[in-house]
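Just one chain follows, in the form predicted alone, and it is written as structure tokens.
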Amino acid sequence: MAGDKIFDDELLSRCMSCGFCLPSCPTYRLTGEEASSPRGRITLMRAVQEDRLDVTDPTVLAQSEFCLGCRACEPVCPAGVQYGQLLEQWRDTEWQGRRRPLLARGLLAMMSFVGMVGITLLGLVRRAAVTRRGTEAEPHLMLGCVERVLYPKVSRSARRLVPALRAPAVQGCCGALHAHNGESERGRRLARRLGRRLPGTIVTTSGGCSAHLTAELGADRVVEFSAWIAAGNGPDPAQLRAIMLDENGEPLPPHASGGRPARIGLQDSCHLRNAVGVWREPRELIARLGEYVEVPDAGGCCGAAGSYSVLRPADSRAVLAPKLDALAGLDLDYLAVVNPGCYRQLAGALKGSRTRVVHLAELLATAAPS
């Protein structure tokens, strides 16, 4: 198959092959192989674009699947290569028909109209925060497909902090999953539809959704929850109380005396940090809640990467392993996350340890004045 028009030539030509991206790439760290790096993958893209390789080439297909899409290569690139866009263009062509991983086909089928009706109903059963639809003057909380089903307490915590947030039940998918799995045009259409359903400012508690919606609807309409709170929307950060723990590590009531401050770390959301640039705000908020502990390589991917942990569980665990080693030595009480994929990945991996994985909105709700 000819490679004409698969990639935007201007995007593809930006890469200078300097290699600054290599140390930041999780799959290059695993293998040490050039083909598993952003620079190596762009070399493959160029070969496809110039018809020197076919999209059915086994190496081309394997590398399009092996990449996590974390975009850690973008902030360190001196040429400003927008790798995330190139990856979406690659998978739009590469992941069609039987070449799309079987589980990815299943996930996208689940996000059909019938599937979204089921997700909405499950969210209601699990009591995600649902309100009437508001006006353009009122901020709207995006419930998220995964979060409303697996972690409805996140949206409840967000509304407890800011009761003015509107959260209508009928929202649909933001399209990030589609954009990352070979259906970028459909992903854009879904983002625009969500924008019409949630008028005015859209507040998200999911880093991945936030990045996709920001790209499609603009930063003037979409804002991630921690950045929104830090900007003065919601409780005054100065009034947040420190989370104090007793000798067993259990939270003390708000007015109890004694105890020690909770030790709290943060795992960044890759897309939130690398694509939106939000990383400072959650740290500043956590520092008000307890003893902030920087997790080594917190900006590095945890291996969740959207659907990656489902599609490639062994590689996902291999990416996660060094992070777990680093966490083992930190003696944290809480590890805060800002994305449901990271939540699922780390809560499962740390189950049974004394470190509790929580969304930052939950911690803020715990520390907010009653």
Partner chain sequence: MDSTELARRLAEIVGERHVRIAEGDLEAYARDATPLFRHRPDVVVFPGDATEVAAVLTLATELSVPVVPRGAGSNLAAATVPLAGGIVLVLTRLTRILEISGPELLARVQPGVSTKALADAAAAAGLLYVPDPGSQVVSTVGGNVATCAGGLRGLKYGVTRNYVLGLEVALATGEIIRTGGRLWKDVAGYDLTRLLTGSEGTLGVITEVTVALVPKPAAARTGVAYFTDLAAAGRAVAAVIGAGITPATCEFLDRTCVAAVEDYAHLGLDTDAGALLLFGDDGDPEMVEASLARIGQVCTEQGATGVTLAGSIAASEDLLAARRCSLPALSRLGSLTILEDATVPRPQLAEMADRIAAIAAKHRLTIGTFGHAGDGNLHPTCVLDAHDTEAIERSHAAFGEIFAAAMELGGTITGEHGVGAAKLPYLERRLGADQLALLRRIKSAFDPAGILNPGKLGS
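Note that this is a predicted model, so its numbers are computed, not measured. Numbering follows the first chain given and starts at 1.
Keep in mind that the form predicted in complex with the partner chain is missing from the display, and what follows is about it.
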item	value
4.5 Å heavy atom contact with the partner chain in the predicted complex for all of Phe66, Gly106 and His178	no
The partner chain contact at Arg52 in the predicted complex, heavy atom, 4.5 Å	yes
Contact label in the predicted complex: Lys323 to the partner chain, heavy atom within 4.5 Å	no
Glu33 within 4.5 Å of the partner chain in the predicted complex, heavy atoms	yes
Pro75 within 4.5 Å of the partner chain in the predicted complex, heavy atoms	yes
Partner-proximal stretch of 314 to 322, 300 to 308, 328 to 336, 56 to 64 relative to the partner chain in the predicted complex, 4.5 angstroms, heavy atom	56 to 64
Heavy atom within 4.5 Å of the partner chain in the predicted complex - residue from Pro296, Gly118, Gly80, Pro261	Gly80
Members of 18 to 42 lying within 4.5 angstroms of the partner chain, judged by heavy atom, in the predicted complex	Cys18, Gly19, Phe20, Leu22, Pro23, Tyr28, Gly32, Glu33, Glu34, Ala35, Arg39
